[in-house]
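This document starts with one chain, in the form predicted alone, laid out as structure tokens.
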């Protein structure tokens, strides 16, 4: 159950990065939404201020127009009245245009537009009365024009200004509400930004602490692996040295055995000649038999030594194969460590890039670890290539050893047969002629067997030489592994966290 709760390093990195990314997205979205809301509110405030400003300008124009109307009613100068009338009409046209623009602005605020429609109605009534004033003045009815101004236009003018002031007051209240709303939205946006930001900082801190812990654990594991590699390489070096010494001794013994076999071959030839002479002289045949017996004993002893050396060679080759497999396992472990180091270096480089300026030193460490991992992979690849060559040599040595063992068994059988023939020759000299013939036949067979043994011993000699070369290569590999372990130790010490 416990193992099911373990989360891999890659998953932890994805979770941490996803949390940070989610917080960043929340911060960005909060900022965007808050900014949009504030922009909309300020746009409304700006529009409200613009409307209020236009209303103020309209009041000023209306005041000016009302003042001109009063001057026009009060003056008795016909020319001045005409000038004032023209100016009043011009201002009235400007105010009409102004009303059209105002209606366009108020389309988004239906309540204000309704109130403004009342202002337009008052303005239309006021303009209609003003036209009636002008007509009365042209007809010379000045008193009636003054009464119309005092009793009708003046209250209408005040009501017009009052409605405009009411609209401006509503706009001011609305502006104040929008300002308060903008403040609240700004506070909410800040909260929406600060909380995910704080969470992001906490997650980043936790990820940095976790990364340091992972690096320490990895360094600890690598250091342990390096120590095992160092111990194993020393054991391999010792074993390879012993195997090399044994292989050298085996090669020397094979050379001595080859010499002995050559001597036995020459003795067999001599025995063949003696067997022919036995027909003429039984005494000589007896001496030849004794010499043949002695030679056969030597041959048997030589065969026994060869067999013992072949057993040593087989044992050495088995040990060499076992050590080769051990080295292969070690190189696999080193390669796995290099892959893990490379993956950690990539992840650390990503986190360092996210950290910006503060992660620059960590990025250099990650790059060094990655370079070390690549060097380790190259070294393990070289070691694997050398191990393949060693395993090929071991396979050849095994085949040669099997052939040598068969040849030794054949030689032993032939030597035993020669011994039996020579013993029969020694027991009876009377049958010297028959025994000589048998000895001649046996020595011919023995010589044929020797001809088979000589190439076999040559193969054994070559296999022994290859074995020596392989053990020397193993010594070199072990030394390289030991050097690699020391280099890794020195490098790991530089990256202690």
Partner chain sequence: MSDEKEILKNRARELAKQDETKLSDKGVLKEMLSFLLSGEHYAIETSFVMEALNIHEMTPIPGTPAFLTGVMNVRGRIIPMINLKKFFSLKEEGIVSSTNAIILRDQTYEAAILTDAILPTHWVAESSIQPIPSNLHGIGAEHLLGVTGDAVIIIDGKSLIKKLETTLTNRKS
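Every value quoted in this text rests on a predicted model; they were computed, and no experiment measured them. Numbering follows the first chain given and starts at 1.
Unshown form predicted together with the partner chain; subsequent notes refer to it.
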Just to be sure I understand the contacts: of 353, 413, 180, 308, which is the one whose heavy atoms reach within 4.5 angstroms of the partner chain in the model of the complex? 353
Only one of 364, 151, 121, 326 comes within 4.5 Å of the partner chain in the model of the complex by heavy atoms, so just point that one out. 364
Of 341 to 349, 86 to 94, 73 to 81, 159 to 167, the segment with heavy atoms within 4.5 Å of the partner chain in the model of the complex is residues 341 to 349
4.5 angstroms heavy atom contact with the partner chain in the model of the complex for residue 368: yes
In the model of the complex, does residue 360 have a heavy atom within 4.5 Å of the partner chain? yes
